[in-house]
Ligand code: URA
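Okay, here we've got a single chain as structure tokens, the form predicted alone, with questions on binding and movement later.
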Amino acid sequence: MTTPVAPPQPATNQSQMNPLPPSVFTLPQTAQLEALYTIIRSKDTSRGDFLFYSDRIIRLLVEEGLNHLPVVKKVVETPTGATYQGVGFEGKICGVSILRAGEAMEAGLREVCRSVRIGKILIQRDEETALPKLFYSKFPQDIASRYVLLLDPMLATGGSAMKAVEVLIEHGVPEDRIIFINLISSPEGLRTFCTKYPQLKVITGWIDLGLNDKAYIIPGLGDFGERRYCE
């Protein structure tokens, strides 16, 4: 019989939110991390450098996301004939990217999770209602039995992310089996998102000052998808 191991505790945060919602976890706010963010925030950074350094941050975020998956006791035998009492992941995982910017995070997930299944979801603003609307989704058939890493680089108002979670729950994924991973969050978006889905964990690299009158994250880094995919 397997024995669950206690999950990690929230990291210390040095952001614009104090205190952080208990379901929000940030990367350690080191000088190296701030240097990486400084590069990708600059409007003068080339597309090649933007790709390289944003990928570095994404890899760190995915690794941190995996730290929050539940594990169970697992005993293996080493080549020396000895036994080692370690752990293994409790269940299967999959990634779900919110198109199109979220696709940029898929490679980082594949680099650390061999043969991981990937789902996709497209949410856009409905011009009549001004609300997020589902336009397309494709998930693994057994997604309801997996832990889901929801991928999207930016959390501004939180509308698209909340709609994506709503769709996942409609497909049978329990709220507490979803981990939302993003590079930059606004305090307003985090509060709204975490209030609606308090059982869902959020892994973010940086929490910015807030939103301007156009709902852009400030200081932000601009449109992630445009900078990622357009010359």
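Remember, predicted model here, so these are calculated numbers, not experimental data. From 1 onward, residues are counted along the sequence shown.
Another form, the form predicted in complex with this ligand, is not on view; read the next lines as being about it.
Using a 4.5 Å heavy atom cut-off, which residue among 123, 71, 104, 156 comes into contact with this ligand in the predicted bound form?
Contact check passes for 156.
Residue contact check: residue 21 to this ligand in the predicted bound form, 4.5 Å heavy atom:
Output for residue 21 is no: heavy atoms all beyond 4.5 Å of this ligand.
Suppose contact means any heavy atom within 4.5 Å; which members of 203-217 contact this ligand in the predicted bound form?
Going through 203-217 in order - heavy atoms within 4.5 Å of this ligand in the predicted bound form - the hits are 215, 216, 217.
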